[in-house]
Each structure stands twice: as structure tokens, then as C-alpha cells.
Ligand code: ADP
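Let's start with one chain on its own, the form predicted alone, as C-alpha cells.
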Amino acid sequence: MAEKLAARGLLTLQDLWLHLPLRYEDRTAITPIGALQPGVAVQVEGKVEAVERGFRYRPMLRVALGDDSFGTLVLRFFHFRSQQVNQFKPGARVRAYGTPRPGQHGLEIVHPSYHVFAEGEAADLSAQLDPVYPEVEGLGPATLRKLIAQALDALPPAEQLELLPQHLLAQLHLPTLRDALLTMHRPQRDDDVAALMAGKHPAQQRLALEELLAHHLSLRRQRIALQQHKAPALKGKGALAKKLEATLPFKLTQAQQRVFAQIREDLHKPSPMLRLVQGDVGSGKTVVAALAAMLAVEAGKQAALAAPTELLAEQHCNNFRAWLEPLGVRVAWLAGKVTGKARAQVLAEVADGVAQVVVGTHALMQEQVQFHDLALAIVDEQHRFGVHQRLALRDKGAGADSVPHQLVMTATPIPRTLAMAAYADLDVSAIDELPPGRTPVTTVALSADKRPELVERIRAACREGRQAYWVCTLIDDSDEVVAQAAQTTYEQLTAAMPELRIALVHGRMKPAQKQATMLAFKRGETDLLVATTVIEVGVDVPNASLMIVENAERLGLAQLHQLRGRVGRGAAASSCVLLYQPPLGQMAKQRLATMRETNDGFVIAEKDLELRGPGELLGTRQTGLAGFRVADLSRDANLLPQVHELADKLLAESPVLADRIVARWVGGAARYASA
């Protein structure tokens, strides 16, 4: 049993205390059968009126229960033993719990939990709600419940268990940890069940506060530990960066200038920079990264930029070459497709410092890549990289006790609450204005039956010399289905508009083929590009002014916003059409409405967090951040200011206590947080 528990990460009594219920079953009352509502879980009690065994398709047992409310309920079983059948004699008294659903003969509960009373047996009701715990493989729910109950009996007195200062709990009107745990595991009949289900109960808030505090402290600890390292202080006059700015074909926005000033200040210091630059698609993050790289080059050191896809990396490389090579800066390109002699040459140039700026994919992080003197590591779209990969790039520049500065960029704006919680170890900058000359994209949502009109719109736009995207987002378990959907759409559109040059790109094509198709589109050799969501992070085609997203109701806000960011990059008025399949669910309606109302990525990110929760936004499935046991970043955002205040106090006044809080909630996961 210990092995089974350990496989789920349950090693100590404390782990069992913190293995909290997913939900509760209310067996504290009996609902009359006549008053049942479909879909609402209840406990009922009645007499067996009829029993029927059948073998249509597969064995089946149906038991009809009746009570004084003149209602009838059918209990239906597919898996049963003959002694179970013998229990259900007509007239026997049965208590059952489950969720009634409409069946062939009125309401029925499939596989309820039940108890058949013996003659004269007393029938007391439970005084507290029954917890339902997250499963542990190989252990039945009853065994797990029993183990957790035993663990709770061993809870120490409140003052021994408590790690938070007493005056603070009183100030926040929150219970002690002991009381909070007992309420969560054994809520009483008169507890506010609605608040428990909504996560708003003081007991949950108390646990969430300590858990958020533990994560925040562990990130702050990482930050402090990283600051113990040295980093090269890049204190040049900034002549190269000034030269670059002077030769750019556009003027930097105020937001770009502000963010670059923050980066320059960080790079002047002898401790490692850890800065996250977030800005909407097209806000000009790459230029800021190039300016930062110039500060490293001027100091005689190297800078590296890693992007998650070859397409994106190649685009960065082309931009860097266009901007930097006229200034005499050598830019090297390293990706999986650079092989043989060419690869050996690039590796040699990187190792002896001839290559001053190196751009590539995660190929940059492989073992055989050795830098001469890496002072600045830039990672684009950081949530696409695993934590280990980011650490690998940082370690490339680690000398005796020195590490490179890190600049992380993302085009997925991160809501303020999330940045406060998840990036406590990073300084966050926002490029929150778009370059002049960008026209906002008009967004409309249309029902799928308007496709013929859309075909006409595309024809008209392409006739005027503009280009369009048609994105297929049929989401299924396999890439193949999406590729097929794109293939079918491509064939239909080619048949409908034979005069247009139409191309197809999807994730199952070979990288070289994909690249060639995208480049042809970029060069204007294709009018319409039918694609899957592979283009979400990708090429810059100023002439593309129309984006059609099929099955838009299936995508999250962040993804829709990223796709929309592919158009509106030139001076022509651009539109994005979200095609949906009616009827729309509540959440899909809200998402499409948000897309129509705003082009502001930060507003969209806040809404996305509200609708979807934090895990997806952060790409933190690999960092454990999304795996909070109690806290929910969108629900508990109001606790974050207190968490920050508390963390400052604890680190200053009682670091030992801070360590104990981190150990209780985070344990060994802390080392990844510095990535």
C-alpha cells in the first residue's frame, strides 16, 4: 500500500492531510423520489417494487424503488453478482446515492452506491458531508478515505501545526491550519457547502494563502540564490545599440524605449538579469532583443536567441542579419537542418567567438554547442520550451561562478495576477503599444452556413492584390484529422476559386516542405494559404489582410488572438472572420464576444485566465505551477497582495519559518523554478 501511495506522491502523514477532496457527496438528508431533479446528485430511500434481470446485448439488472411521494426511480446495474440480485427482494428497504438521469421509464441512476437494510435495522443519517478524493491507482475510495481519516486523527494541536503568525490570521479573519484541514476533510451538515464547492470558504482561502505563499517564497528563494551568482556587467557606452537604432527603417515606440532602458540598467549590474518582456503580437519585441544583444557584443561577448520553431527562428535570424550585419556583427544560424560541414563550421565559429550573435531553435541547447563567452541568453515564446531546455541554455554560459543574463520574451500577454504569482523570480516589462501605421483588425463572428459569402470576399480581396489565410482548427485526438480537414477545405476552395493560387500547409508535412510553402506565401506567390494552427506563431506577411478561422468556437482566447495577430501587419485595413458551428456553448459565446470587443492582448489574457484557469497560459505543465493543490490563480488573485507582503516579512524576520512553509507545500519541485 505504501508503494501505491508513494507512486501518487503521498509519502508522509502531511501528504495525506493535503490530499484534499475534489468534491463532496451530501448524505445528510433524504430527498423524496417525487422531488428528484435530473443531473442533481441526491440520496433517496424507498422500498423495492420490482426487480428485472435482462441480457439484451449485455447482462443488466434493474431495480424499481418507490416511496411515499408516489415517485418511482430505477437503479440500473451492468456489473453485478448473483448475491447482489438476491438482496433486492420486493419490499426490501434500500438507501441509494447517485445522480438521476432520464431513462426509458422515468428517472434512473446507473450504478448508485447503496445499502440494503436488514429487518429492523436503524437508519441514522450522516452528520457530515462525505469527501470524494482524487484517485490513487490500486486503492479503492473506501480504503483511501479510511487512511486519510486515520491521518487526520494524528493531526497535532493547532499551535504545533501553525506556521503563520497568529496576529496575521486574526487580521485576515482566517481559521488556523488545523481547523481549515478538518473543515475541508470533514465538512459538517451546517457548513456553507456552496462556498466549499465554489472554493470561497474561509478554510480553502486559508490553505490557498499558505500554498501561494510557499510557491512565492520558493521562487523568491531561487531569485536570491541566482543573485548570489555573478554575471558579466555590460557597461559599454551603448555605441553599437545607438548605431543600430539610427539605421532602423522605423522609430522605436515609447514602450520599446522604456523596456530597453530597463534591460540596459539590468545588464550594467554584475548580477544576472532575469527579465520577462511581454508584448502583443507585432509590438516589436525582436528589435528590443537585438538592441540588448548589441550591449553584449560591444563588451566583446556573445548573445544567443532561441525560438521554438524553425520558422520563427529563421524569421528572427533574417531580421537580425538585415539589422546587424551592416554594423559588422557576425550572426550565425543553428537549427536541426544545418548539417554536415556547414554545421561543423557554425559550431567552430560559436566556440571561438567569431559568431557574435547566434540564432537558432532548441538545437542551441544541445551538448556539442559550446560558446566562447555567452553573456546574454534570449528565449522567445518561453512557454513553448521545457524548463530543462531553458536551464540548458543558461548553463551554456556558466563560467566559474558566473551565469549569463536571461531575457525571456512572450507574445502571450500574461495577466497581472499570474505574473505576480508565477513569475516572482522575474522582473516583468510590457511593450504595451503597437508601432504607428498598424491598423486595428476588425473581427466578426459568422455562422458556418455563411461560407459561400466568405468565398466571394476572398475572391474580391485577392483580386485587389491582397492575401488571405484560411485556418482549419478541427480539434481531434490526432493530427491526422486536422490535416484531413485542411486537405478537404483546400480541395473545396481550389474547386470554388480556380483562378486563385492556393497553397496548403499543416503539421504533418516535412519541415522543408512547410518552410517552402510559407516562404512562397511571404513572397506573394500564393493568394490564399489554407493552414492548420501551425501558423499561430510564425511568419510576418504585411500584405495578408484577411484571416478566416474555422471552428473558432473550439479554440481558447490566447490561440485565437495569436492567429488574428498574423494579419493587420501592413497599412491595409484587415479583418478576421471567426466561423463557428451553432449552437454555441456559454463559454464559446463569451470567447467570441471578447474577440469582437477588443484587440488588446492584455484584456484578452485577463479574460482567458477567468475562463480557462492558469495552467494553459503558463505552459507550466512541466513546472508544477499549474498543479496547485488548493489555490486557483484566477479565483484567489485577491490573496496575492497579502502573499507578497507576508513573503517580505518572513524573509526578513524568520527565514527558517519561510523554509518550513516551502518544504511543506513545494518540497523538491523548487529547483525548476529558477529556469
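Numbering starts at 1 and runs along the sequence shown. Since we're looking at a predicted model, the values are computed, not measured.
Just so you know, the form predicted together with this ligand exists too; it's not on screen, but the next bit is about it.
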Worksheet item: Just one stretch in 502 to 510, 292 to 300, 434 to 442, 124 to 132 has heavy atoms within 4.5 Å of this ligand in the predicted complex, so which one is it?
Response: 434 to 442
Worksheet item: Taking the shortest heavy atom distance, is residue 546 within 4.5 Å of this ligand in the predicted complex?
Response: no
Worksheet entry | Residue contact check: residue 540 to this ligand in the predicted complex, 4.5 Å heavy atom | yes
Discussion item. In the predicted complex, does residue 252 come within 4.5 Å of this ligand, counting heavy atoms only?
Written reply: yes
Item to complete: Answer yes if any heavy atom of residue 527 is within 4.5 Å of a heavy atom of this ligand in the predicted complex; otherwise answer no.
Response: no
Response to the item:
If we test each of 281, 331, 555, 567 for a heavy atom within 4.5 Å of this ligand in the predicted complex, the one that passes is 281
Discussion item. Please tell me which of 430, 287, 180, 219 lies within 4.5 Å of this ligand in the predicted complex, judged by heavy atoms.
Written reply: 287
